[in-house]
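Read the single chain below, which is given as structure tokens and is the form predicted on its own.
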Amino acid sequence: MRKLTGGLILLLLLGACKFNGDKKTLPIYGNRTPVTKTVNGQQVTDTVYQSIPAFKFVNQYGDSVGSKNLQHDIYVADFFFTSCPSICPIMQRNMLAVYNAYKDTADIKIISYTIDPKHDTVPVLKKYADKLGISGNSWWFLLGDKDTVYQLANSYLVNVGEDKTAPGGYMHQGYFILIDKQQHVRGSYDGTDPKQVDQLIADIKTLKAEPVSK
């Protein structure tokens, strides 16, 4: 697993949890752009935050699903491949803790994108999910065009790609990315570290308690 880039390290350092009165709120990661508009005759500067672009893939049940199905959900995303011989098995075991904590919560989802669509067909993903004991629609394993998935990973602030020198032939970072209902990145956690996964579980609760943004 590669180390975080300098820019993301800075974002994580600057993005420590903030407190609004007595309530803790999570930071928003990624690029932000100031936008000036006229409101009631006065110019007001607002901030537009980086968000996850629209996507549409196929899940382990063969259903076409995407960002429209998640517009009312908080979700956790990661990138993996089923034949991964290194960090993926650890990541998925740790993600089970997130799944078990929130599988009965309607507006919490988990999204795992395969970075090896040639091998990870729908039946392969279904078998993988079944082996983990996953049922229902709270955790989707998604299959899509490889280039589209790789580009989408950048929006999650994660690096993925083919690498013949890497175990299994693919390079990917093992982060679990927390996304809010406005499609903003709200947290990044080492999916191989149980302590960080525990923090993710706690942060989901914090995010769920935040007032809904406009």
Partner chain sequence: MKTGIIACICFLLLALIYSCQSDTSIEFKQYYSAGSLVYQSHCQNCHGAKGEGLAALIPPLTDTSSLKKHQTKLPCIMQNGLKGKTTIAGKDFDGAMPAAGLTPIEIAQVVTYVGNSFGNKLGVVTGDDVGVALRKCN
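Numbering follows the first chain given and starts at 1. Note that the structure is a prediction, hence the values are computed from the model and not measured.
Below, we turn to the form predicted in complex with the partner chain, even though it does not appear here.
_What I'd like checked is whether K118, P123 and L143 together line the partner chain in the predicted bound form, meaning each has a non-hydrogen atom within 4.5 Å of it._
Not a single residue of the candidate spot has a heavy atom within 4.5 Å of the partner chain in the predicted bound form.
*asked:* Looking at heavy atoms inside 4.5 Å, which stretch does the partner chain contact in the predicted bound form, given the options 67 to 75, 97 to 105, 124 to 132, 110 to 118?
replied: Result of the contact check: 124 to 132.
*According to a 4.5 angstroms non-hydrogen atom cut-off, is P85 in contact with the partner chain in the predicted bound form?*
Within the cut-off, so yes.
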